[in-house]
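Quick setup: one chain, the form predicted alone, written in structure tokens, and binding and motion questions come after.
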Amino acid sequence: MIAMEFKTLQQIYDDRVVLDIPSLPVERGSKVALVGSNGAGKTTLLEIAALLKRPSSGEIFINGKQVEWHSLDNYRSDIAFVAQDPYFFSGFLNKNMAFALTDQHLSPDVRNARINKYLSLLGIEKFVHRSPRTFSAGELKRAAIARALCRETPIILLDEPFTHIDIPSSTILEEVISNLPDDSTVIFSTHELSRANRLADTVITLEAGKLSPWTPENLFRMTAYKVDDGMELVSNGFGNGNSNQAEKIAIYYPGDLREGSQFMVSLNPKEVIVSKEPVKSSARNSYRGSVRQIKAVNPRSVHVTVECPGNFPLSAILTERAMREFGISVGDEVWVHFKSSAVYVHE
């Protein structure tokens, strides 16, 4: 059954179409990741889905019923939304949580049990009598998601839940999203394709407000650590060198970056080499992994995804001829290589 559907949806600002979606159904119980560059329309789509912003044209259906914008209270009880920069009222966290449940008319005992359940789930039960103004970025995000989940709505919308948070918080959020009830429908946006692939049943790419058939490849949020002749960029805490995680993956980068800071890092899949054996080259980045997916891009090119240690997927685009010569199949152990000059850091 379809939980939410968008039809002929458009959003126009100053005569510019910023969102144009002919049709987008979301199955009940599915987890959907929205990916795309900044300004692609992810936040606009989520705000429309949360019924916080009325589209310029088009229709939205929730559980098969068309949304009527003059009576939104009939639909908002089905939706919980967490903004990228969540807002909290003054006062302790438990008051903020209780306010989110006002429309559910719960008894005090049931309400408090619900609040404690989700604060504990997000690992912040000890903050119940603290003001959110004292929280770190990761704690704020966890508190906002706990507040949304305690409403126990069938549809949950999360705008960039993993942005500007620390590794422990992101690990907790991943676990919570992965273990939501089977009938929960989750739509979340992220810049990190690897995380989208891990958590979502479906990955949807927005580009310039339109649905794209391709996902952005090799785009990761990574932390920079100094090494002797440059930096290593570590994904989700995995790395070698100064990160003291020698068994995991890091990417060598020849430039100078702020140590300990996070950056968006991308690799052009056309510059990633795949081989069955290690190759002798000047490439500073070389990893062994398993072929997870092979799909045709066009009659002459093939898209290959290799799962490297630490749930770190790397994508390459090879010629169809090269694939035939290598004889690579899904499940094969292969090597992937790329030069440090292929690493692009988004400040």
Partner chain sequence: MDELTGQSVETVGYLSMFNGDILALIGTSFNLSLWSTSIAALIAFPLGVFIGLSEFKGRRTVDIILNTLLFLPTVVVGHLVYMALTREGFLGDFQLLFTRPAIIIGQVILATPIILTMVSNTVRLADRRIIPTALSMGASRIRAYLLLLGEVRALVVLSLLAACGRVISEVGVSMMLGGNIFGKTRTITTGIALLTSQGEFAQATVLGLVLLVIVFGINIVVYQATHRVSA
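What you see is a predicted model; the values in this text were computed from it and never measured. Residue numbers count along the first chain shown, from 1.
Here the subject shifts to the form predicted in complex with its partner chain, a form of this protein not shown in this document.
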Mind telling me which stretch in 196 to 204, 75 to 83, 165 to 173, 122 to 130 gets its heavy atoms within 4.5 Å of its partner chain in the model of the complex? 75 to 83
I'd like to know if Phe88 sits close to its partner chain in the model of the complex, meaning any non-hydrogen atom pair within 4.5 angstroms. yes
Any non-hydrogen atom of Ala100 within 4.5 angstroms of its partner chain in the model of the complex: yes
Heavy atom to heavy atom, is Arg151 within 4.5 Å of its partner chain in the model of the complex? yes
Can you tell me whether Asn96 touches its partner chain? I mean in the model of the complex, with a 4.5 angstroms heavy atom cut-off. yes
Pick from Val291, Leu52, Ala283, Ala322: which residue has any heavy atom within 4.5 angstroms of its partner chain in the model of the complex? Leu52
